[in-house]
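Below, in structure tokens: the form predicted alone, a single chain.
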Amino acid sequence: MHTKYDVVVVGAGPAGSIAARTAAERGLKTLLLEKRQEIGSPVRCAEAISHETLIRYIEPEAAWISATVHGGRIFSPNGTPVVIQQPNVGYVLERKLFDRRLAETAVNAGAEVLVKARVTGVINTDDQICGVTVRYHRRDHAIQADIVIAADGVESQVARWAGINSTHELRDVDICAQYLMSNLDPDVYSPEYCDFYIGRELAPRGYVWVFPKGPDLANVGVGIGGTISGRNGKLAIDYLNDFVRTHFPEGRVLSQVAGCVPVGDSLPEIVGNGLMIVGDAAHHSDPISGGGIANAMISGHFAAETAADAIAAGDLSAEFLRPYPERWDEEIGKNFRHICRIRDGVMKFSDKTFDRCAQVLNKLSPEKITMREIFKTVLLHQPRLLLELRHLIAPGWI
């Protein structure tokens, strides 16, 4: 470990590894720090990603793909399935191996990686972030850096140490619990589809997912609204257990994870003098699905490219780093506020309304059902939200 780098990236998830790889590819002396002893562990993710986004950054490899997904099934509260057929639309990953492979590509590009290296603070001189302090091998180290990229996840501390308020409102997070399960009922489970179950009783202000990882293996999880958690004495794990008892009574639990997912708008400020915030730390998860892998890689890439330009120009100010949030907003972020308004409106629907929407959609053939058709059908029950839909269709978001 050296004492001075061009870029220090904190956190070796997808956002951090892509940021480190991109910075190294641009010729920057780059250090990637991971507080845990093993990159990719523990897994706190449903592990799904679209083919289109994945291939922007890495070609699929059999070693870290658990299942290829050919569409989705959305089950309304009364159990009516809406089937979306999209061959080879995406994958369910083996995140431990996937994250490790992304970190490997950063190393191959020239970045240095340290595991079990816990960042304990930032070095702030005259309102300029110029490095981090690290606990490594039971010793404290000060590492200077022109730019620090915070990719330390939903529980990010780097941003707070730098004076940026990164806290979440309860309404803007989902509380999640997930099992890895085997011995699944083949009459209920399909290894070709990602399944989504909605309903106020099933998962208030959220949904249940069943994502395939093999012929008889799947991630089965639930996300509920942060303001819902604990109401009537029920936590996310209780809703998950209720679902499992009903749908997979013979299923076997192989592992369990839990966590918090940001589902609100992006952080209003994701740059500071010498600092950029990416991925879940920047609240870049999708406001409806909660998916964060794709957005994490995109934001990490954008941030590192901006860092390279800033270092080349010798200007590390927040103002010079602003092309990163502008680029993020242009491609993705500007749509978040529309998605949030749609989500808030749809979450007010009754279960009967969702059932009616499913009946309407089932008049179409599975090949013709798209996310656009689903949004249009759902929003016809709340016409004022059709304006938000227009904002999402125009740039090709849906």
Partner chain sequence: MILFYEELCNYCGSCVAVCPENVINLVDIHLSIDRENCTDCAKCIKGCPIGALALERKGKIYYPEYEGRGLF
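Positions refer to the first chain, counted from 1. Because the structure is predicted, anything quoted here is derived from the model rather than measured.
Omitted from view is the form predicted in complex with its partner chain, to which the following refers.
The partner is not drawn, yet in the predicted bound form one stretch among 79 to 87, 140 to 148, 264 to 272, 244 to 252 has residues with heavy atoms inside 4.5 Å of its partner chain: 244 to 252. This chain is displayed alone, yet in the predicted bound form one of Ile288, Val115, Leu235, Ile123 has a heavy atom within 4.5 Å of its partner chain; that residue is Leu235. Contact with its partner chain in the predicted bound form, defined as a heavy atom within 4.5 Å, holds for exactly one of Leu97, Val257, Val188, Val107, namely Val257. Relative to its partner chain in the predicted bound form, residues Lys4, Lys29 and Gly163 are all farther than 4.5 Å at every heavy atom. Proximity of Gln157 to its partner chain in the predicted bound form: non-hydrogen atoms within 4.5 Å are present. In the predicted bound form, no heavy atom of His70 sits within 4.5 Å of its partner chain. Under a 4.5 angstroms non-hydrogen atom cutoff, its partner chain in the predicted bound form has Glu169 among its neighbouring residues. When its partner chain is considered in the predicted bound form, Gly199 lies well away from it, no heavy atom lying within 4.5 Å.
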